[in-house]
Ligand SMILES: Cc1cc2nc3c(=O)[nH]c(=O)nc-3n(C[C@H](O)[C@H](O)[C@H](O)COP(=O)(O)OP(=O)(O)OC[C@H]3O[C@@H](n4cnc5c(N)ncnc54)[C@H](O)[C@@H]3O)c2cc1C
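The data below hold one chain only, encoded as structure tokens and taken in the form predicted alone.
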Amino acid sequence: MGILSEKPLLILGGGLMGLAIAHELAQKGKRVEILSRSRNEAAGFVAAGMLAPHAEGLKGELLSLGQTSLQRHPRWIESIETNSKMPCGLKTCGILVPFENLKDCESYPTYKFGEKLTRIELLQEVPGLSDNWKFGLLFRQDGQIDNRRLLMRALEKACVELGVHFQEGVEVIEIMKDSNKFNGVKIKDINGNINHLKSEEAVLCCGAWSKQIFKTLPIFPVKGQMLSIQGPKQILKRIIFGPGIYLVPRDDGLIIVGATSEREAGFQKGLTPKGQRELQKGIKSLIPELNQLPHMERWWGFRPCTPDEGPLLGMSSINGLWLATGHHRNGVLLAAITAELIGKSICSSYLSKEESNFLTQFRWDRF
């Protein structure tokens, strides 16, 4: 086994969270290296890009974390666009949540943050909405970002411009430590060579695969299948977030349809007839006529989930190894606040009382 002597700060995982944190740390002057087995596997390329703490009905500290991140997104995106000279597709389009009856509407966890709509008002917002839906909540403050086509590429470019180094096709196979202090990782490169890459600090953000590297983390994969359909521009002006199904319209008329939630699938790759039927049924339940539009693409991915569906943030049980993983459905939403919290922690910058509380609430050992 060879020894590589250089000691950058390592980012373990080249997905959205890894790129966001690398970008944050590079802006603060850190020398950063991203280790990634395959960036195209990352959930950031798979997700629909909703910024929806209210429409998703988040609760408690996770809602607070999501609301704070939503507020910080414009500034975060501005920094990425400035460094990359590329657009990210941030859009506060509002998200509509339909309900079959008034009781369900008024008992929604985030009811007080929304604008209640009647059936007539629903149809004004979404012509063609199925007859099942009698009431709705409009969360004007929620929105979206084009993560799949724009954000991920802009983040990659911004990181390159700031001097971040990438190692693609590298598998982290073991965390190395001396006593309880992190001192690097054992890696296998694309040629099968094993090396010990030394470092004094790292951030683990391997998403659904994090537990394969750090066995004690309470993370498991939840598979999701998705598809896209092509409509005319402005066929939908808002995101529609229904039970188990959502429709996310992009500016060019593309509509992202998602997503199944398959907790028993493990890391089983590929599309399934059952999952695709579920998406088709979901489209029909919301706006039946959309099923007549041409299908453009189908894909799947794995969400990193924890027992309470909240992320793992901050220092791990190993001194020098930080965690930013387990974001489940809310990775795109929480990327801004996660990058800021981890960046400030590593650089020993001032943390507000709220920020310190988030790091306490989402510690890895809270279970």
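What you see is a predicted model; the values in this text were computed from it and never measured. Start at 1 with the first residue shown and count on from there.
What follows is about the form predicted in complex with the ligand, which we do not show.
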Taking 4.5 angstroms as the heavy atom distance cut-off, pick the stretch from 83-91, 285-293, 124-132, 218-226 that is near the ligand in the predicted bound form. 218-226
Looking in the predicted bound form, is the ligand within 4.5 Å of a heavy atom from each of L35, A48 and W209? yes
Quick one: is K30 in contact with the ligand in the predicted bound form, heavy atoms, 4.5 Å cut-off? no
With heavy atoms only and a cut-off of 4.5 Å, decide whether F139 touches the ligand in the predicted bound form. no
With the partner left out of view, is V332 within 4.5 angstroms of the ligand in the predicted bound form by any non-hydrogen atom? yes
Just to confirm, Y246 within 4.5 Å of the ligand in the predicted bound form by heavy atoms? yes
Name the residue from I77, I213, L236, L150 that puts a heavy atom within 4.5 Å of the ligand in the predicted bound form. I213
Going by heavy atom distances of 4.5 angstroms or less, which of E278, E171, E262, E201 would be at the interface with the ligand in the predicted bound form? E171
In sequence order, which positions of 113-149 have a non-hydrogen atom within 4.5 Å of the ligand in the predicted bound form? none
